[in-house]
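Only one chain comes next, encoded as structure tokens, the form predicted alone.
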Amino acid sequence: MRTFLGMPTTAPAGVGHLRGDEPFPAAARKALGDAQLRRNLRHATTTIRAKSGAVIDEVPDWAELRAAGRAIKADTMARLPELLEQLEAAVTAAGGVVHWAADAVEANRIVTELVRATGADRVMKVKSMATQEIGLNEALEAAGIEPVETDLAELIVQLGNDKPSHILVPAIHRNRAEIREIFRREMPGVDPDLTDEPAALAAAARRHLRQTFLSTKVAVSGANFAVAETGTLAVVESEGNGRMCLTLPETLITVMGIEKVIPTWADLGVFLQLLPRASTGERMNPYTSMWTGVTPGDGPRQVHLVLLDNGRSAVLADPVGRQALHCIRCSACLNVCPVYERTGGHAYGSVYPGPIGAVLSPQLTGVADNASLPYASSLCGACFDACPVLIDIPSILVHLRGQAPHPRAEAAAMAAAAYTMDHPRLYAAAQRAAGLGRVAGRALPPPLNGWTASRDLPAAPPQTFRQWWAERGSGS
């Protein structure tokens, strides 16, 4: 049993791309000023919502599937160390090699050393949130190894020297015209008369990547799921580029967060029904690739699995926050969130944006280092309604807000309120004072006037409950 599993730890030394350069409010304010960004986001999220809603309505037992997904994830988190060791044994028995990485620094070192051992100076990559989280591309480039993203949206982000802004559609903040200009500027040998038609853009990317697929000996992937029972890893995608990476190279390295394990093969069937409908609005994923270790004469000759903690053990130790580890990265919460739709993913400053990022990123880094993210929500509850595994994101947000550092004035005010409510005479006096507010107006005096500058102070009722009770009691 690995010592870091299930241990309440502080944020690891190398957390990768989980902290923003500036707090969410400041970054969001800039994003709100970008009219083109807001148009792009509104169009994309509206389209995905409509498509997803239509295919979900076709499933008569959708509620039961969601409940099953939640139950499987809860069971997995309850015995995560056991399942990970079962997974390790199954992968090893099938001819794979398992590595354990406590943080981003260790994971990057392991992958870099594995690539160097092959003699390769280039790797092709399957879309992976885990490798983005640890900053693997930057680590490979620093070691003189070229990473090539093969997912179309990830390729757009990479060529544009950009950052992903959505879990499922990394380039959602770009429209077709912007993508065409990126391709014309950055893609070697591209047709200068390239149009912004989707088919033309996809064809240009296909030509660009074809030689990479045929000549690159090492691939790096993530994993959507790993079956502890059999040692099987699974990647789901819409384009087929991932399957090229998973089958053609001689060496395949998979970096996977430890929470992606599930107990049995039968459990996989639940998630393969939930994920496509909640994410892309498809009845099933166009490409679902699975592999179990090494098969002589078929696929990669070396298969490595890097199990990544990077703060997940600390999340697991929190009975409330651990729900965030149930996430299957469908992005449904992003597509319904009014905050995300207006600010986009970059404002969150993390590879995990939107509602799930607002609860996951602070826990992975330590809430104090991402204290603004739990407030990046209106608590409307749309994310909870949309989540295919019923993660109660609003409750986790409130939980994390309680852990975030607060200004001294706010802390003092809350302490004074608690003291007052604990002493009946003081509380009665405060109620009488609140009644005077009906005469004083609807604004608070300094330094509390910042709160009422943009909202009305609720008027105190003409009669307190105690006064009402006293009158009722005297009349009976």
Partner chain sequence: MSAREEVLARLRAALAGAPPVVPAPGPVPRRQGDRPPGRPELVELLRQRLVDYRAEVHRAAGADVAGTVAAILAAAGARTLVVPAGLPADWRPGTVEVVVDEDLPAARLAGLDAVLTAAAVAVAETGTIVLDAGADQGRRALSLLPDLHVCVVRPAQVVGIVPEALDRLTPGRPLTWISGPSATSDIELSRVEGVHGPRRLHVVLTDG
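Just so it is clear, the structure is predicted and the values come from calculations on it, not from any experiment. Positions refer to the first chain, counted from 1.
One more form of this protein, predicted together with its partner chain, exists but is not displayed; see below.
Enquirer: Heavy atoms, 4.5 Å, its partner chain in the model of the complex: which of 130 to 138, 186 to 194, 216 to 224, 244 to 252 makes the cut? Say which one.
Expert: Result of the contact check: 244 to 252.
Enquirer: By the heavy atom within 4.5 Å rule, which residue out of 338, 160, 240, 381 makes contact with its partner chain in the model of the complex?
Expert: If I apply the 4.5 Å criterion carefully, the residue I get is 240.
Enquirer: Just one of 97, 120, 93, 71 has a heavy atom within 4.5 angstroms of its partner chain in the model of the complex, so which one?
Expert: So the residue touching its partner chain in the model of the complex, by this definition, is 71.
Enquirer: Decide whether residue 29 counts as a contact residue for its partner chain in the model of the complex under a heavy atom distance cut-off of 4.5 Å.
Expert: Residue-level check for residue 29: no, no contact with its partner chain.
Enquirer: Do residue 273 and its partner chain come within 4.5 Å of each other in the model of the complex, heavy atoms counted?
Expert: Yes, residue 273 lies within 4.5 Å of its partner chain in the model of the complex.
Enquirer: When the contact criterion is heavy atoms within 4.5 Å, does residue 398 count as touching its partner chain in the model of the complex?
Expert: Judged by the heavy-atom cut-off of 4.5 Å, residue 398 is well away from its partner chain in the model of the complex.
Enquirer: Contact with its partner chain in the model of the complex for residue 146, defined as at least one heavy atom pair within 4.5 Å: yes or no?
Expert: Output for residue 146 is no: heavy atoms all beyond 4.5 Å of its partner chain.
Enquirer: For a quick test of understanding: in the model of the complex, does each of 278, 346 and 414 have a heavy atom within 4.5 Å of its partner chain?
Expert: Verified in the model of the complex; spot residues all out of contact, no.
Enquirer: Using a 4.5 Å cut-off on any heavy atom, which residues of 280 to 310 would contact its partner chain in the model of the complex?
Expert: In sequence order, 280, 281, 282, 283, 284, 285, 286, 287, 288, 289, 290, 291, 292, 295, 297, 298, 299, 300, 309 come within 4.5 Å of the partner.
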